[in-house]
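In structure tokens, the next block holds one chain alone, the form predicted alone.
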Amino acid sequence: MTRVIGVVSGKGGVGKTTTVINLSAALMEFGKNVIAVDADVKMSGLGLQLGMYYFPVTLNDVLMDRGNIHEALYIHSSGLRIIPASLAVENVKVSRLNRVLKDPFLKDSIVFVDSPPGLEKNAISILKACPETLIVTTPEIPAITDAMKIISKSKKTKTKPIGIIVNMNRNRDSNQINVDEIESTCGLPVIGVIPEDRTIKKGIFIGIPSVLLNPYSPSSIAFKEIAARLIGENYIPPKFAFIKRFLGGFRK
């Protein structure tokens, strides 16, 4: 069964692309067929975060009938499969994405679609093309306010918001909005909280999903818990994760 999930946000800078990469890698670790699609055709950051720069055929080409989806698929050294957007700036009709996502090539895969932030035209087209959405936000008032807007728009486009992922959470920071307040305000469950973690920044720097770079880091465990929840499985964090996390970081 194919499952297409749009990963959206009300504003930029909340870690949406990082979330797509690490959820994809976590589900790959669970043995699932996963493809990450970069539908942010103006910024195209997914491939860059993985240290991948050369793409003869991209999602842009598929949308403009200059190539097919098979040609636009690339495999990262970790095994993660991605369909990147072009690094070149060009006018692309993302409204055609709905047709692309129905390609038989994607059959029996979980497809994460990385959307541009906000409510601009391309973002709305992605909402219409994805049966389900995950909303990524940070625990600050401006981000939560914008998340409410994207949730409202998701419901109007008849896509199903699965839940909210709270990213860059800082423990014991009283200036943050807590999970209960976010759920009450947005009317959706928070399905996971990703703590601030230097492993994520290190993963971006060297082009490796952080859940693979250090599987025992706090953020990696959080991503795996969310991934398991998405597929209806129960993930039990490993015992003595702190010691394993320390040793893993020390070796690297």
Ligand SMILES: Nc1ncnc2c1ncn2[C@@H]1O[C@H](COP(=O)(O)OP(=O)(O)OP(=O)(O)O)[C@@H](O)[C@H]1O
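Just so you know, these numbers come straight off a predicted model, no measurement behind them. In this text, residue numbers run from 1 along the sequence as written.
Beyond the structure shown, there is the form predicted in complex with the named molecule, which is absent from this document and is the topic of what follows.
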Taking the named molecule in the model of the complex as the reference, which of L50, I194, L59, A227 has a non-hydrogen atom within 4.5 Å?
I194
Only one of A36, I200, A39, A26 comes within 4.5 Å of the named molecule in the model of the complex by heavy atoms, so just point that one out.
I200
Within a 4.5 Å heavy atom cut-off, is I144 in contact with the named molecule in the model of the complex?
no
Does P117 make contact with the named molecule in the model of the complex, using a 4.5 Å heavy atom cut-off?
yes
Residue-level contact is defined here as any heavy atom of the residue lying within 4.5 Å of the named molecule in the model of the complex; does I204 satisfy this criterion?
yes
Does M168 reach the named molecule in the model of the complex, with heavy atoms at most 4.5 Å apart?
yes
From the candidate stretches 68-76, 160-168, 95-103, 125-133, select the single one in contact with the named molecule in the model of the complex, where contact means a heavy atom within 4.5 Å.
160-168
Neighbours of the named molecule in the model of the complex among 1-39 [non-hydrogen atom within 4.5 angstroms]:
G12, G13, V14, G15, K16, T17, T18
